Every structure is written in C-alpha cells, then in structure tokens.
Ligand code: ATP
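Quick setup: one chain, the form predicted alone, written in structure tokens, and binding and motion questions come after.
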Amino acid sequence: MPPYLYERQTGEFFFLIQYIEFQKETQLIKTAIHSILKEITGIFNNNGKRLYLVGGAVRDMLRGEKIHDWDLATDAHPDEVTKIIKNAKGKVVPTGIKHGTVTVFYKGHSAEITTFRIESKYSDGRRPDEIQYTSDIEEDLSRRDFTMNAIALRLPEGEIIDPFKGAEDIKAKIIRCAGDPEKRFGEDGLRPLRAVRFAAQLGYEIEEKTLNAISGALSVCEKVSQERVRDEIDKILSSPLPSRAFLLMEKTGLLKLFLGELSACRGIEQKGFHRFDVLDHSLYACDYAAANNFSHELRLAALFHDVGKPKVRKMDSSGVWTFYRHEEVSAEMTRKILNRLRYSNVVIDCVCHLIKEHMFNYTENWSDAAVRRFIARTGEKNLKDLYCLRQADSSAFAGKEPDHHTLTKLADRVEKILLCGRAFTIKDLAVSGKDLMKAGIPSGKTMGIILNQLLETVIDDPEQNTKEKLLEIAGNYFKKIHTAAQRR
C-alpha cells in the first residue's frame, strides 16, 4: 500500500497511516491534508528541507478530529525558512524568532514553522534561557510537554515519528509527560495547568506520576504570568466539564495557588439550603453553564457567584449558617480576581453585575412596580443572562435539572411589561437634562439627584412620564432641596 494517495479531483492528500497496533490489530487512520499545506511541503522539499506536522494538529488527527491550526517543524533554520517562503511569493513574520519560530503567510493561509531545537534550563519557569538548533526531529520532540503532543507526521510521506508512544496514550486517553514529569514541570510552570486543562477538554486521565509531580512544581507555576493563567482558565471554562480540571487543581494545589478565594469555599457547608458545600456547588453550577453552552461571561459568573460566602457566613440563633449579602461581597471579590487575571473591563463589569443581581427572590405577589424595578436594576439586556445564571445556581442545589416554573412566570411578566414600552432608565424619561436646565435647575449633582427621583417616580407610576408632569415634579424636588440647603 502506498504511503499516500493523491485524489486528482480535489487536489488533497489522503494519508493512510498504517501505524498503531492494539491487540494485534492494525488501525488505519485517514486524514485530509489541505492542498496549500501540500504545496508548502513541496516548496520545502524542492529546497532540500524536511517538513513535519507536529503538536496539537497531529494529536487531533489521531483523535479523528479536524485539523484547524498548522504547527510545523523543519530542519531549515529561520533565515532559510524566510528565504524559501519569500522566493515562493509568501510572507514571513518573526513572531518567535528568539526560539526559532516564524509565522508564514501563503496564499491566504498561515502556519507557524519552528526549526528543530533542543533547549537549555528555564530560569523564568516559562521559556528556555537558550536554544540550540538540531537536525534530529526526535530530539525536537523530546522537549515537548506530553506524549500526545510529542508526535510528528512527516510530510508528504505520512510517516509517523512517535518516540514516546503518544499514539498509544491517545488511544488509552492518558495524559503523560514526555520523559521525566518532574523535569518537564520544572522547566515550564504552565505545563501543570495545561495538564489539568487537557483532562477537562479531552476527558482524559492524568497518569499517576505526572499528576503527583504537579504539587512539587508549584513554585515554578507561581512564576507564570496572570495572562497565561487566564488563558488556561478560559480554555477550562470552554471544556465540556470544567469541574474536572478545577477538582484536579484543588487536589494538586493549583487552585489554592491561582484561585485561593475559590479554594477557600471547600468545607463551607450550606445545610438547609444546599446539598453541597460552596465549592462543589460553584463547580456544578459552572458545569451546568458549560453543558448548556452558556456564554463565557456566564460560566465565569457561575464559577464565582458564591465566592464571598466564606467571608459573610454567620450562625443564627437556631444554629443554621446564614450568608446575608453574599452576592454583594461575591461581586466585589470577583472583580478583584478578574482584575488580577487581566480580564477586560467589559467582561469584569458584566460578570460582576450578574453575580450582584443573582439573588432576586421572585414571587407572584410582586407588584408591577416591583417587576419594573427589577428590570431597571438588572438592565433589559442582562435579563436573559440573569435567568440563565439563576438556572445554573438552582441546578447546583441538588445536582439536578432545576424547576423552571418560577423563572418562566417572572419572564412572562417581564415580557408583558416590556411590550408596554415603559421607562427603565433615565434616557427613557420624557425630559432630559437640557429640559431641566431650561426650567432653572442647574447642572451638576443636584440635577443627577432629581433625574434619579424622576425615574423612581415613573417606575412606580408610568403614567407620570410626560414632559409636563415631570417638569412640575422636578420643580418641586428642586424647591425642597434648595430650602433644605438654606436651613443648613
């Protein structure tokens, strides 16, 4: 059987890799290689240089997944890569030239190409102090983190290079360091986080020695930038079961190191209200958000919505733990956590607002004015997200699908009121600041107080939202404020 077949109609390579043997049976793995990648390979081969597909692309190929990113390795040095690609009318950007990596742009596609290399010690716990180029692909693979990522596919022959039997680990769904785990984690403090992230992302088990080595590498992990930690947390949150990673983080000490506030929720019991302690409850809420494909902001909100409970916990006279105002404290703490992790202000404001408002207690006794206040306080654009957060919170009370009846009733009432076109923000008022200035009310703090009073009036009674009535009410407020100031 030839190592590859050329499909004339589509112009794509199909590699038939007769490689992995399990239980004396040979598994054939079929994958399509993009025609542009085939073309780039031909260009390198014509210049006497080898090209390999490496890393996550090969791992995903062996898992039967589509290849999205092209990480390539070559025996050509960066200056040679640059010359080869430029001669082929492509473009090269030296994105990681210090470590032998360039990004190639060719006919509307991009790929990272790294020269085979070996590395020295990692003083900063993240990047090697020095690199040395090599002509041996196996030496290059030996520096990689996990066996499943230390596999190369030589182009165009389709030959698999797998010195650490990573394909077998993929088949067995095992995450194992390539070589000595203590050495691998001691080199790069991000690797332990990547291990637990892959466990959640792929549903794999971490091999015992690899897992045990994580706790010994915490001092190295501490050197990792907050931005890189954030990126791994984001990937965990986008996985099918985030709790899998967070529980592994707890077991190994990573949770206390990076998310100490969340770690402190372990053992905070909520008997009488919840089946689980605060940490498990938070993780199950996050899992619910992931399982239902909620937004990234909602997953963050689900994870941290009760993080303030350890701080506010008090026992009442009947011996029951209470958590009054925990939503406010949780929002404050979450803001500090997300700032520390360098999230954008837009994400932080959204997440913290949802957390602060998640404890609404709707009953059918709410008046229409109470519903309007709820809309005004929450913000119309946040309503659906708040319902979703409440569903995630409720599901984690006992680990089962929540009863949506109450939320549905509230949503129905909210929808009816929104259809009436009522005012819920100052912008919705029938008067503006300019109108008040014309009526003799000066701009500044006093005007802000009066506008908020007008909004409160309109929320209580929407019929008051006319220019004539609001100007009259505003004039009366201003007189009261002015009179009170004179008396002082």
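Keep in mind it's a predicted model, so treat the numbers as computed, not measured. Throughout, we count residues from 1 along the sequence that is shown.
What comes next is about the form predicted together with this ligand, which does not appear here.
Participant: To verify the annotation, which of these, 277, 357, 207, 71, has a non-hydrogen atom within 4.5 Å of this ligand in the predicted bound form?
Facilitator: If I apply the 4.5 Å criterion carefully, the residue I get is 71.
Participant: Sort through 256, 165, 194, 353 and report the residue having a heavy atom within 4.5 Å of this ligand in the predicted bound form.
Facilitator: Contact with this ligand in the predicted bound form is made by 194 alone.
Participant: Can you check whether residue 169 is within 4.5 Å of this ligand in the predicted bound form, heavy atom basis?
Facilitator: No, no contact at 4.5 Å.
Participant: How about residue 115 - does it come within 4.5 Å of this ligand in the predicted bound form, if we only consider non-hydrogen atoms?
Facilitator: Residue-level check for residue 115: no, no contact with this ligand.
Participant: Taking any heavy atom pair closer than or equal to 4.5 Å as contact, tell me whether residue 343 reaches this ligand in the predicted bound form.
Facilitator: Residue 343: no, not in contact with this ligand in the predicted bound form.
Participant: Could you confirm whether residue 198 comes within 4.5 Å of this ligand in the predicted bound form, counting heavy atoms only?
Facilitator: Contact with this ligand, yes.
Participant: Within 4.5 Å, heavy atoms only, one stretch in 38 to 46, 51 to 59, 449 to 457, 432 to 440 touches this ligand in the predicted bound form. Which?
Facilitator: Selected range: 51 to 59.
Participant: Quick one: name the residues from 136 to 169 with any non-hydrogen atom within 4.5 angstroms of this ligand in the predicted bound form.
Facilitator: Those in contact are 143, 144, 145, 149.
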